[in-house]
Structure formats: structure tokens, C-alpha cells
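Just one chain follows, in the form predicted on its own, and it is written as C-alpha cells.
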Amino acid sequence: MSDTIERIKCLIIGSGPAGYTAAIYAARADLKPVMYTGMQMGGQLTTTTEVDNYPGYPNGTDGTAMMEDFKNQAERFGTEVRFGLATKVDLSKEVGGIHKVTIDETTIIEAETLIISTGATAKYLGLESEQRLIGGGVSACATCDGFFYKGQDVVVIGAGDTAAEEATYLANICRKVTLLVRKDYMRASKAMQHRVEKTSNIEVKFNTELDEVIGNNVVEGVRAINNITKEKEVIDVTGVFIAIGHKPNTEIFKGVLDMDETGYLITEGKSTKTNFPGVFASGDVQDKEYRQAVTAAGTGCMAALDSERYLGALK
């Protein structure tokens, strides 16, 4: 453990659109923010090859390049970006209290305000072929990547509301959507199930699992297996959408910050305030509804403004 404890006005943990936008606004407000990026610098967006729906990029951009743009802008205004992972927190319940965050289990940072932008991690099945083709036709976000498969055939994996929503969204864009459901029923709400049933170009295959994603550099199809008969079939598709949920990166805050039953941080009203004064949450760590780069950036801005106003009120 480091003997020297650093104290700063604004600590941001997690990068991505939310963290970098918070950094831009906090730096411009002279909060002298320090950011620890987490293990995946740039967040989930760096697993997306093309970003075509973020304003200001008329010709689209690469997800990693876009996050590098965000990072450069944050640094231009004075943000200090450091690579490291928050591993422990000791938060103060007092207004004006100091929050302690341990980085990489060795370095303690004391912060007057803390902005949490640790995001969420998409759940995947863990198949080698699936992991290899992430960004090459395998995606966990239909609204992010669906446009690239306009007029093509795709497959969606999942059985809940997320899978039903992704399938119906894609059905408006794609020629055919095949929905693979592991059990003999869907977990989605009745309303969402009815929507799937009424969509003519969605085919639901029950008791069916993804066995392999076929393709070298890009998806060329999938091999599915019926888990009752053990029969396998190849389905010709160009896109595979994994819709089995996301896991918010909130492990170190369990038992400390208020969160819902799935681990997403709960914020107060339309603000980014958590149940601890001076602690704010932005991006996918507190948003399970939209999960878009542009909405994450918006809450990052809000978190920085909330931090500025909190510190201003203490004077």
C-alpha cells in the first residue's frame, strides 16, 4: 500500500463516453479531474468496429478511434488520464466528506467528489467462435450495429425482453430474423412475446442453442443445436446478436450504494446523484434502458455539472 495519499477535487472511475464527457465538463469547470480508465480503456465502444449513429461523425467512425478523440479532448482541457482499476471504496456519508478509492489494491486516492462511469459488461455465451468474431458480425447491441445488416439475415440469441426487443427492432431492418430460445418458452413479457409472434419475418426456434459461429474474419452463418433431439442445423446469416443481458460493473459498491435487483446504481430523480453526497453515477452503470453512447455522454455531462454544483454549494 502506498504511503502517500493524493487528494483531488474530482475523481472519475471508468472511461467510455460517460467518463470522458464527465472529464471534459469537469476540466472546463476547473475541477482538475483525474480519471482512472479501468481495464478496458474506452469501455464497451472499443469492441465495436464501426459507430454510425453518434452525432458529429457524418461518415461514421471506428469505436476505438472515437474514444481516442474523446480522451484527447478531455486531456486538452487538463484531465489527467491514468490507467488503473478501482478495487475498493470507502465513501463518506457526510456532506463535504472525503471519499477514499483504492486503485489496483495499492494506491489510495482521496476525492471531494466521485463520478462513477464503470459501465456494464455484455454477457456472452463464451464460445470460442463467438468471442473471435466480436466486431466481425457478432454484437451485443442491435440498436448500435443493426443498421449494418439492413436487408440481410441475422440471428438473435435470448429469451427475455431484451431478446424480443432486439429481434423486433432488427425485423424492421433485416430480411429475416431467427430467434434462438434455449427453453421451450420465452421469459419475455406477454406483450413482447405477442409482438414477436405478430412479426412475420421473425422465426422462433425453441429448445435451440448456438453451437458455433461460422466464419473466419466475418460471420458467414451459425450452427444451431436442438437440445432435445441433439440435431444440428446450419443457418446462413451475416449477423449474430447476443441478447442475454448485461452485468453492471458495480461489484465494489455492493452493500454501499443503492442499486436495483440486477446491480444497476440508482440515481435520484433526473440527476446523477447517488445516496451518498458527492458521489455521482453516469452511463451504463446506472442506465439499463438505453445503453447508447450518446445517452451515456449526456449523463457524463450531467454528473460533472452535479459535481460542480455540489462543490459550489459547500463554499
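Nothing here was measured: the structure is a model prediction, and the numbers come from that model. Residues carry their position along the shown sequence, with the first being 1.
Below, we refer to the form predicted in complex with a small molecule, which is not included among the displayed structures.
With the partner left out here, the small molecule still marks one of 21 to 29, 302 to 310, 7 to 15, 289 to 297 in the predicted complex; by a 4.5 Å heavy atom cut-off that stretch is 289 to 297. Proximity of K183 to the small molecule in the predicted complex: non-hydrogen atoms within 4.5 Å are present.
In the predicted complex, no heavy atom of G137 sits within 4.5 Å of the small molecule.
When the small molecule is considered in the predicted complex, I244 lines it closely, a heavy atom lying within 4.5 Å. Put simply, V95 is far from the small molecule in the predicted complex: not one heavy atom of it is within 4.5 Å. Checked against the small molecule in the predicted complex, the candidates K176, H99, R187, K205 yield a single residue with a heavy atom inside 4.5 Å, and that residue is R187.
Residue-level contacts in the predicted complex: of I157, A120, L91, A111, one residue has a heavy atom within 4.5 Å of the small molecule, and it is I157.
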